[in-house]
Structures are given as structure tokens and as C-alpha cells.
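Take a look at this single chain, the form predicted alone, given in C-alpha cells.
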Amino acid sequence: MACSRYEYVKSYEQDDSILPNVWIVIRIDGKKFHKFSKIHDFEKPNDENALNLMNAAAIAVMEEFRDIVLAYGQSDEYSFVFRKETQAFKRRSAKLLTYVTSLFSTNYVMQWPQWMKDRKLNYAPCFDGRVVLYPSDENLRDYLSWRQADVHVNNLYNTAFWKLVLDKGLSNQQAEERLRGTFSADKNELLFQEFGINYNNMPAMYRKGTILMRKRLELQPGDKTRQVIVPLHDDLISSKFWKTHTELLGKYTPGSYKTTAELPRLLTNQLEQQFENQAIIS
């Protein structure tokens, strides 16, 4: 671009470069998603397809940003963890935040028909975001533990609440009054005694959220491994998780992923896209 006498206005831009050697976390949240989920008839207390739509949009973000080592999602939020030494967008906070938020939002809309089937998207969802920096590994682990603890508290309450409303016929106000002042043990007892539900047997995605990580996948013994983004529903709070996935806090190299179970749809979609891209190239 040619220089002009107006170019001085660039000096008004603030330097928002992120400090070096810190974990960068970008968390996005749905704006007014209570209303959005009601209008689009999300299943209560959890809509599996809606959650996987969030996961699919997050995978698209990770495919664009190779420096994201882990993403964690639950309900209408997702956190993206960039490795400490990333130089993406020269570590400019506004660039990272706006790109991640807009990329997630557009993929949420584009992939809506694939996951929500015959439910029409009546209006575009909106997501806000923030950038938070964590100087130590312990700080990062505590942040992710905080978000996973939030899943447990909210999902246990919502499960009990909606069972009272949908199965017992209580009004929203009556259900709130019934649960007011109760502890986790009380809600677990209510679910078991009145509905025969063992909360610990509910799908792990509902109770623990979704962890997205890069892994090397071997489809058949002896086959060339493929790098994919794997959805896990594990306990982030325990030390066992971090001992199992040592690459997260160490020198980052995707670990291996082995499973005897049927591959989740989020994985098969990635593999199909990889095969399509190979066919186009060849």
C-alpha cells in the first residue's frame, strides 16, 4: 500500500501483544443462549446433537490453529488453550480473540444442518469471548478444573430440575423451590429414589464436558497413523489425566490414540474429510 499523509493514524493503534511464555486461553460463551436453546427446542437437560455441534465448531478452530494444544467445552462455552510459545498473529490479543470467535461462530452456523437435522436455524447465534493469561502450569490446570467443576454443579442441578418439571409435572418455580438449599448428595438421592437414575451412569459428556486433543490414530495394525482431534470425556481435575497426556505440559508432540470401540462421529467426519482431500490432491 502506498504511503500517504494520512498514514499517521496507524500510530493510534494500541499495542496489545501478549506477554511471552504464558498460557493463552481464549474462552467463548454463547450470548443469551437460554433464549436461543428454547426457541430452537433443545432437549432438556442436555441435547446431545447441540453439544456435538459445539464440539464440531471447536474442532474447526483447532484445525485452523495448530498451536491450540487442548480445547474444553461444556454447555454453550468453549476454552481454547494455546501453547506458551505460540507466535500466531504475532501474539496480538485482539487478532487471536476475534479470529477464534468469528471462526467458531461461522462454523456453528455452517454445520447446524449436519447436526441439528430438521430443526431450522431461526436466527444466527452470537458468541462473545475473552483472553486470559496463565503464567504457570498449575494456574492452567486450576482454570480447567474450575470449568469442569462448573459442569458437575450445573448439570446435576439441571438434571434434577428438568426431571421434576418434565416427569413430575412441577412448574419451574415449584422445581426451584424443591431444590433450594439442597446439596449434591440430596440431588443424587432425589434422582435415584424418585426416578431410578444413578447420576454417575449418565453419559460422561453431560457430566464432564468434552476435551479435544490432537492424537495420532492408527486405523488398522501396521497402517500409517493419522493426526486427528479426539473428543474425550475424562476427569481433568485428577492428576491421572495429566500423567496420561504428558505432551500437554511438556514438549508438545501429539500422543497416540487407541480404541476398540466404534469411532465417534466427530472422528469419522474428520477422517472422511482427510480421505476426500487426499483424493482431490491425487
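Everything numeric in this text was worked out from a predicted model, so none of it was measured. Counting begins at 1, following the sequence as shown.
Form predicted together with a further copy of the same chain: not shown, discussed below.
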Legend entry - 4.5 Å heavy atom contact, K31 and a further copy of the same chain in the model of the complex: yes
Legend entry - a further copy of the same chain contact in the model of the complex: V109, any heavy atom under 4.5 Å: yes
Inset, instruction - Flag F42 as yes or no: does it have a non-hydrogen atom within 4.5 angstroms of any non-hydrogen atom of a further copy of the same chain in the model of the complex? - result: no
Inset, instruction - State yes or no: in the model of the complex, is some non-hydrogen atom of A185 no more than 4.5 angstroms from a non-hydrogen atom of a further copy of the same chain? - result: no
Inset, instruction - Identify, from the list R130, K168, R180, K117, the residue with a heavy atom within 4.5 Å of a further copy of the same chain in the model of the complex. - result: R130
Inset, instruction - Find the only residue in Q174, N139, N158, T86 having a heavy atom within 4.5 Å of a further copy of the same chain in the model of the complex. - result: N139
Inset, instruction - Just one of 142-150, 208-216, 73-81, 195-203 has residues with a heavy atom within 4.5 Å of a further copy of the same chain in the model of the complex, so point it out. - result: 142-150
Inset, instruction - Answer yes or no: in the model of the complex, does a further copy of the same chain come within 4.5 Å of a heavy atom in every one of D47, L51 and T244? - result: no
Inset, instruction - Heavy atoms within 4.5 Å of a further copy of the same chain in the model of the complex is the criterion; list the residues of 77-105 that meet it. - result: F89, A94, K95, L97, T98, Y99, T101, S102, L103, S105
